[in-house]
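Below you'll find only one chain, the form predicted alone, shown as structure tokens.
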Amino acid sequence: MSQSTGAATAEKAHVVIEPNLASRPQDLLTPEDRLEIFRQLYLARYFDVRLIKEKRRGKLRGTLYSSHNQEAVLVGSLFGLKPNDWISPIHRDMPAFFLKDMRGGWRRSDRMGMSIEEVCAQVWGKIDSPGRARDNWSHIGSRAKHIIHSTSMLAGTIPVAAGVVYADRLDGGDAVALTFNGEGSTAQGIFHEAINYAAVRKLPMVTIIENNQWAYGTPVHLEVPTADVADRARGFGIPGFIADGQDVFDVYDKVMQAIEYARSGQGPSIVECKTFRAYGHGDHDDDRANKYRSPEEVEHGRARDPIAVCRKRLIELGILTGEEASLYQAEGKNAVEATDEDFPKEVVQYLNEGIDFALASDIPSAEEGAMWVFKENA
């Protein structure tokens, strides 16, 4: 894919990390790494499918913000991070909370990411959730796990991430912050102020733009005046990368190039991942989305399923062969059509553990209602 560059700093990045060189970050992945990436795509998809099914069964309340068809952005971005790196997810990135630092094992107690039990308890609004039932979705975080708390104000956490890595550098650290944002957030003033500050200070921050073509009900051509959202990087003199958001390995390549650029002290960058939102803004918007988006547009946007794209690549590399290559056909199916048989058994089991934990967890007592609202005595 192409790479946008601007000013001297970005031109230098273009020379140093030209993506068309024979050696790409993905070339260093082992076959086991690639299979793990494939499993994580299934896990992110199953999380989405299962929650939609549970809500349809009347076992779950609250709004769901689907990441269906955008899983490659999350998995590809997170897979190469170091455990001490920071992430700043948004509402459509719920799987990011448990995907962080999952590469070395899903159930490690020392993993620098949330457990599936914590995340499911959050979704079900239980006492064992990070938010202690104050929200059913993504308004959570963990300083200990290096996850910046999510807010509804997209781009609002970019200056927070800049501050986090600035403090880390002052303390002699080498952490990089990965922030996730929708393409519509780049039209906000705070986006430009924060990126400008990070560029001036050469802070190790990578801003992922999930360009899923719609900011709620506003199409991308009414959000951004440039041909590519990554073109916005030119104004700050930083690299702007464009990744195929349906190809997890291309996302991995572009994000890893940006991460190494940041970690080496050269400063921030923007990575635009071109993808497509499968459903409405949230499940409350599904019916309306069927009116402002044509069936032809949705069909075209979902034509390249991230799982199918990854499967094809693994077959080409000889990593998936024989019957194994055709197992678990979740791609191209919506939440109603997909069944547990479409997903690897370890994926279904892992999420079942989280859901079972959440269902067995208690709800907070009424006395907790004022907790974290007023300053409490030490």
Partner chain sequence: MSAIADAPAAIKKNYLTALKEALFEEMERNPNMLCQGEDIGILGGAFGVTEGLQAKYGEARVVDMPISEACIVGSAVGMALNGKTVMAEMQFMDFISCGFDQIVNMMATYHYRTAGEVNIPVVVRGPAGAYGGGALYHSQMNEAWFCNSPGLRVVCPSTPSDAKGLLKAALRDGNPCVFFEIKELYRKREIEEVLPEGDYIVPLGKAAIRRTGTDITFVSYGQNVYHCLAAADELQKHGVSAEVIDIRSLVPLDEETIFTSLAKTNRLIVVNEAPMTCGFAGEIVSRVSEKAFDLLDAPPVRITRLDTPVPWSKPLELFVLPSVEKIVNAALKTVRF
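Positions refer to the first chain, counted from 1. It should be emphasised that the depicted structure is a prediction, and the values quoted were computed from it without experimental measurement.
Beyond what is shown, the protein has a form predicted together with its partner chain; the following relates to that form.
- Task: Look up in the model of the complex whether residue 213 has a non-hydrogen atom within 4.5 angstroms of its partner chain, and give yes or no.
- Result: Taking the distances in the model of the complex, the answer for residue 213 is no, it never comes within 4.5 Å of its partner chain.
- residue 284: touches its partner chain in the model of the complex, heavy atom cutoff 4.5 angstroms: So residue 284 does not count as contacting its partner chain.
- Considering only heavy atoms, tell me if residue 107 and its partner chain come within 4.5 Å of each other in the model of the complex. Judged by the heavy-atom cut-off of 4.5 Å, residue 107 is well away from its partner chain in the model of the complex.
- Query: Any chance residue 194 has a heavy atom within 4.5 Å of its partner chain in the model of the complex?
  - Reply: Looking in the model of the complex, residue contacts with its partner chain include residue 194, since a heavy atom lies within 4.5 Å.
- Query: For the chain shown here without its partner, which stretch in 301 to 309, 226 to 234, 131 to 139, 257 to 265 has non-hydrogen atoms within 4.5 angstroms of its partner chain in the model of the complex?
  - Reply: Looking at the other structure, the answer is 131 to 139.
- Though its partner chain is not shown, can you say which of 221, 82, 143, 291 has a heavy atom within 4.5 Å of it in the model of the complex? Among 221, 82, 143, 291, a heavy atom within 4.5 Å of its partner chain in the model of the complex occurs only for 143.
- Proximity to its partner chain in the model of the complex, single hit among 103, 149, 111, 202 (heavy atom within 4.5 Å): For this set of options, the contacting one is 149.
- Select from 347 to 363 the residues with a non-hydrogen atom within 4.5 Å of its partner chain in the model of the complex and write them out in sequence order. Going through 347 to 363 in order - heavy atoms within 4.5 Å of its partner chain in the model of the complex - there are no hits.
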